[in-house]
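As a starting point, one isolated chain is supplied in structure tokens, in the form predicted on its own.
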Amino acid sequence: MTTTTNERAGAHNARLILINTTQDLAREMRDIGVAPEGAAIMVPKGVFRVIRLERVPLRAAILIKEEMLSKGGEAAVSDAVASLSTDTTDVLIMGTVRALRRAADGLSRQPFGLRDIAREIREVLDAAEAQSQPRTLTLREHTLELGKKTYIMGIVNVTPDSFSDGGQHATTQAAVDHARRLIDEGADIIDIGGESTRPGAEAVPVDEELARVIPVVERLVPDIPVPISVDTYKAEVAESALAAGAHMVNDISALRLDMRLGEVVAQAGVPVVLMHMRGLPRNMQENPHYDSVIGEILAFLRDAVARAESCGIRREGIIIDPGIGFGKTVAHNLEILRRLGEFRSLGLPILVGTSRKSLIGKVLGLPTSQRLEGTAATVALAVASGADIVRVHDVRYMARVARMADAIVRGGAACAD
């Protein structure tokens, strides 16, 4: 018996297609010649999402379950819901983008707080789509086109006691020379800090931090082609640095430690990085514990964003940082990196700082001076998960890592045949 081509095993080359965004599916449809009108109808039906909702009242959870089932999706709830033995439950809603949006429409007409839940569902779906679209971050006269590449933030520590390079650039001239060298190596942003935030570090007096940071900013602003970020949580330091021409504030406290800092940033109209940290640098590593590390950090950052907006800071000028190494164990840090894409739920640019940190030393058993490869691995995976900015010491090498990762993930680099 003779078999035809179509009867042979594998004749149709069946394979799984990895779809993370609606743009991915739209691309696949274009490749096979689907009409644009048909693609517009089918794309929302082909992208599957899972959204977690926390502390949902019992009656609302039951209605969510019914609504998701009626729209072709599903909702998972605690088994205590069936016996009506709980007042609240977390809920996992699962379905295509189309099913989830239709369910949100239905829930918005229901009681028991479901209108607010529907709004949150829509916001998460919108944020996921927005992250795959080009966006512009304005830093005074500079602009960064987010989504096109990963930007390199080079670290300049004007301190005697930073964990990695303390004392190497503690003078104004040394710091200025180092910043120029980092720009030559590929830095897109220079981040200047005058206080070590390593675990166990004590706070530096404002006058001392000003004396370290401001002369460096003043020297660099008229002389370099990239924006300058000031790494501080003190309003007075930020105010002086911005007056000297700095373009951005990188705040490890997410506006919690100096209530005036939000006002200073808002008045200057510059971007701000809001980072998650438990406690203070001097005590943040004392038995850090989370019941849900990703959920708790996301909730913290949502509150921080609301706090920033209440100060008058524009949402389009807010960057979030999950705070690798700030009040986390190695296991916490690895989980954050593994699930970094979940922070896209906020629809904001993501900054990641893993450079030379102790999690790398503990995983690989290496001192600070030998953590280059470990840093490279974390940077590449952060880029793959959607990081917009990576904060690093070894700019020359990490710029290459990011460029290669961008070529794979974003397809933006021209490659020779």
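Here the structure is a predicted model, which is why all the values come from computation and not from measurement. Sequential numbering from 1, following the sequence displayed.
Keep in mind that the form predicted together with a small molecule is not shown, yet the notes after this line are about it.
The small molecule in the predicted bound form comes within 4.5 Å of a heavy atom belonging to residue 197. The closest non-hydrogen atom of residue 358 lies within 4.5 Å of the small molecule in the predicted bound form.
The small molecule is not shown here, but in the predicted bound form it comes within 4.5 Å of a heavy atom of residue 353. Although the partner is absent here, residue 250 is a contact residue: one of its heavy atoms lies within 4.5 angstroms of the small molecule in the predicted bound form. The chain is drawn here without the small molecule; in the predicted bound form, the stretch among 82-90, 198-206, 294-302, 68-76 whose residues come within 4.5 Å of it by any heavy atom is 198-206. Every member of the trio 231, 321 and 325 reaches the small molecule in the predicted bound form with some non-hydrogen atom inside 4.5 Å. Comment: the small molecule is not present in this chain, but in the predicted bound form one of 217, 308, 275, 100 has a heavy atom within 4.5 Å of it, namely 275.
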